[in-house]
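In structure tokens, one chain follows: the form predicted alone.
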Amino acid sequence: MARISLSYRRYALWLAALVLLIYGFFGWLAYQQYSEARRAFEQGEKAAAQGEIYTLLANTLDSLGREADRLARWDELYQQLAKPTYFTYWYAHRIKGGHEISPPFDALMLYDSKGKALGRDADNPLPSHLGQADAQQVFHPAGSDVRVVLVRPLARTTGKEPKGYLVLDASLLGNLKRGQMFVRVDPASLSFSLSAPTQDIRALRQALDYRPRDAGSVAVVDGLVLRMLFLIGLLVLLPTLGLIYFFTRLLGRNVRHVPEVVAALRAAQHAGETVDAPPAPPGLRIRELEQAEQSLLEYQRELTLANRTLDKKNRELWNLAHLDALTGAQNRRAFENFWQTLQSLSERKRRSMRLMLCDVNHFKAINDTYGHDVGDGVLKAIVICLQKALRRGEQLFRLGGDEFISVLLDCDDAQATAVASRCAAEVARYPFRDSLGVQEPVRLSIGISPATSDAGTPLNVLLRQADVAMYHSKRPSSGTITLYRDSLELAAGSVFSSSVNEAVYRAVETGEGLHMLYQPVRDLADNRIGYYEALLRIRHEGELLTPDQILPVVESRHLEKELDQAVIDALLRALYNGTIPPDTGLSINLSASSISSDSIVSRLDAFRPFLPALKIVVEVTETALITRMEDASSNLMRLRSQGFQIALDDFGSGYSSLRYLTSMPVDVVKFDISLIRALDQEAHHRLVAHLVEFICSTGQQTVAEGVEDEFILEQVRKMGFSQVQGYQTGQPQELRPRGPQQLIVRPG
């Protein structure tokens, strides 16, 4: 027979598994059987108690009804109806004395055929007028009791008009307890919680509160089950104790020898030396332990030599794995490891934390314009600025591209905003123009997630919230720093909704869902429509996505040129179909990247055949950052020479208004809605008036955007604006095609 040699751990695991299996099986079986029996018993007791109380309640109401019917046949009642003048005397001697009515009732009153009481007694709770004679039984709340009011018509013959009515009042709780045999319900616990008068017996049942009598048998069963479990525990634990004694006394000595060997090896490892094994204990030995001790001794020598090399390699590998090679900041993997460590620490001591996500505005444009070397220099400078602005102990991580993140610990909204403000200020002060030759200002968009002290909050949730806030900061008229709030989800939902992303992609790639609305721009002199501004929408799930939902997706995915081309194609189809009325025109909004593109002139060449009959305006958004200013100006000059007009849109909403006016050919200046809406302020009114006068003196046309009421319309008219645009003069609308147009082709 082969010799069986098992490890001590295997013996211990098998023994523990066997004990747990036996005890767990019997315990589970006993618990299941007992729970099932007790549950069935309790359900039966509850159902029996409910049936008993409902039966007693029905019997009580039937008894009151029969007694009321008996009293309704009493001749003296009809005599009182015939001679009501004697009712007061009759009531005082026959009724109030308590000799003629049965004990269930507490009060009685007679009413004539019109519902008026024959008399009135101060101690009688019944009303002086009967409001609802057709209700024979009404339940009224009376604290923990219910008053039953019974109404019986008084008529000698069935079907005839009653001569009057008998109304009886009784305590339901008192009659329910009187003369009833309670078996399963505790009568002392009976009460009602009726909130309003009702005629519905089901509502009365729901308002009935009661407690079943305690069943002593449940306590007996509990004792039996406990004794059974105790006996099972003895049967399992006694053999287990014997086995544990065996292993502890005979084999435990071998197990205890292993820590002695490990301690000797650890001491030798710290000293950088080798060590011999301590003496083995006498008696039985475990083969695996002997082999492990020998292996430890053999490897100890090799480990001592390899540790120095490994430490050095580990430091190098950690730097490669956790540091960004370009900027020297920690990378995404380091951030994920830091977050896991932070969570484990937060489980012991909860700390309020926020994520601050920073993104470099228009970094792709800077990188494309000045080259990757300059782009890399910008990122390195950003890291220097952010590390300088962060508080002591706060770490900076580069998630990828131009996105950086930091975890802000133990700070409120004001402190988090202060840190973000320092970061933005440091970047704004850095001399990018002198050191890297970047002419445009380099700015950050910063989003801060809400405070959390929950260690279990998923990282992706906080990252998404910071991302939502950061993208909100990128929008026109938004601040550089945004604290996340739930209301931003509606505005930023399209950026992070996969279905909306897909809708935008389809519209850009195939034109599917692309929908154009047209808002008229009217001349103030004669109220004639000078041209229509084309406004982009995308159909998605039965709704129209607005630019606030579309542009964040386009900007985050760098699809500006592709979207402009899709809009150009759609407007060309509209022109060929005759959608734009004659003697008007069309304005096209183009992104900064398209305006600076070398191909923009050729892409707009298809509009030239329409120029003799229609005004074609190319709108440049003032808030867009145009990095290649010379290319943009050259392209606009060429378009202007071909007959296009150039409009500067959203004038006054950004930092580059005057620079665009002086650097680019501009025919039309469209004042931003924020300037127009503040015309009720005197200082603001004077400023806008001077700007209009100055721009008009240069020969450029002025357009007031966002005119939504008659007051604003009159103000811009007095200021001398050339044209006006807004809901007051024309809402965005669809234009119907009138058929293919006859084109006038210019020579050359």
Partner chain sequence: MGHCGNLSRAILMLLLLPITAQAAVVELDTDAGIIATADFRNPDGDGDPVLILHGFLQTRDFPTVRRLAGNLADEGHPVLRPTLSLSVPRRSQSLKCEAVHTHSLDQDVQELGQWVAWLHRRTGRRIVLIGHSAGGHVITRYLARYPDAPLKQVILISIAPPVGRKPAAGEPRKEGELAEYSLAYCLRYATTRSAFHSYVDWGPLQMIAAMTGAQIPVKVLVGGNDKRLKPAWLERLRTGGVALAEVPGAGHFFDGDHEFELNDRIDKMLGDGD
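Residue numbers count along the first chain shown, from 1. None of these values were measured; they are calculated from a predicted model.
The same protein has a further form, the form predicted in complex with its partner chain, not shown here; the description that follows concerns it.
Checking 704-712, 25-33, 66-74, 689-697 against its partner chain in the model of the complex, the stretch whose residues place heavy atoms within 4.5 Å of it is 66-74. Residue Y86 is the only one of F338, Y210, Y86, F182 with a heavy atom lying within 4.5 Å of its partner chain in the model of the complex. Only one of R333, R528, K388, R156 comes within 4.5 Å of its partner chain in the model of the complex through a heavy atom, and that residue is R156. Using a 4.5 angstroms limit between non-hydrogen atoms, R94 touches its partner chain in the model of the complex.
Interface residue remark: L310 is not counted as part of the site for its partner chain in the model of the complex, having no heavy atom within 4.5 Å.
The closest non-hydrogen atom of Q642 lies beyond 4.5 Å of its partner chain in the model of the complex. Using a 4.5 angstroms limit between non-hydrogen atoms, W90 touches its partner chain in the model of the complex.
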